[in-house]
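In structure tokens, one chain follows: the form predicted alone.
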């Protein structure tokens, strides 16, 4: 329970809070840029969250406050539109989703506090959306299904942040549970919770402090490439495409579309193999699959960057003798974070080494921490 965040959010209100909502960020262990390609992904909710404390204010407006951001006022009697300040568009999008469902949202005052690093590839935007949706559930005295809430939040990001994301981020923030990975079949939108209880394992998240902006068109362009490739291949779904299919149409697809296609097909296969490796406690294989995933994202999908590659290589140089099984970039790319699977007993030494060496190589002080799978979006009693 992020008690310090809750206390900070409560202090930001001018009246006693009646609803407190929490939603975590997420890190993806493997399965990148395939959630919008009918693939499989395996994220988990991290123990860094957004907390919203709120109370009805007797008006028809929502008054929003977030540290370091301009205050926002939203007229709840009108259809929602993209506006200023920018950060409030995520909230407007979720409010729009509830209005589309026919709910009349009462006026409220809310204070937002976050421990999820923005622009770090840890899905602070999905945490904000899912926390807002959970808050509105509390204010209205209703409960959406987890799937319905996640899809509503995904639509908010599409329509109001104009980022054509897949379902992974919002599903991870909504469905997350302690000691469970959230294995998502992105074609059927079915969720399987995969045990991650081995006490000898740890996950290190390293924020490079290089921030990306997914709405600048690079993300959308990658998605467009995958759509073009699937059309050329003549299959209804990427799940029906094999690597042989891609190789047979390699020249027709042309560069870089052919390499984007190769990443999608191989990453779907890697994620399925990773789930099996985890079930068999084959952490060496799991680490190898994570390494291969990063290489594909770097070379075929071209969403890595120099700082991400440096951080991944630092973990790989430590190697299995130092407790590292595998490492890869995580999230949309173009900056953000890496994820390293390692032995729990070695985490302090690994983090110290990565922090020192990364700063020496880049001049940037990274943020590096461990996380276990945590609880998804919920109301605090």
Ligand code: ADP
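Numbering follows the first chain given and starts at 1. Given the structure is predicted, the values throughout are model-derived calculations rather than measurements.
One more form of this protein exists, namely the form predicted in complex with adenosine-5'-diphosphate; it is left out here, but the text below deals with it.
Note on the interface: of 111-119, 289-297, 140-148, 226-234, the segment with non-hydrogen atoms within 4.5 angstroms of adenosine-5'-diphosphate in the predicted complex is 111-119. Taking the partner from the other structure, adenosine-5'-diphosphate in the predicted complex has a heavy atom within 4.5 Å of a heavy atom of residue 128. Within this chain, residue 352 is remote from the site of adenosine-5'-diphosphate in the predicted complex, having no heavy atom within 4.5 Å. Contact check for residue 175: every heavy atom lies farther than 4.5 Å from adenosine-5'-diphosphate in the predicted complex. In the predicted complex, residue 30 stays away from adenosine-5'-diphosphate, with no heavy atom inside 4.5 Å. 50 is the sole member of 54, 50, 41, 329 with a non-hydrogen atom lying within 4.5 angstroms of adenosine-5'-diphosphate in the predicted complex. For the residues 80, 271, 304, 124, the 4.5 Å heavy atom test against adenosine-5'-diphosphate in the predicted complex is passed only by 124. Of the residues in 129-146, none comes within 4.5 Å of adenosine-5'-diphosphate in the predicted complex through any heavy atom.
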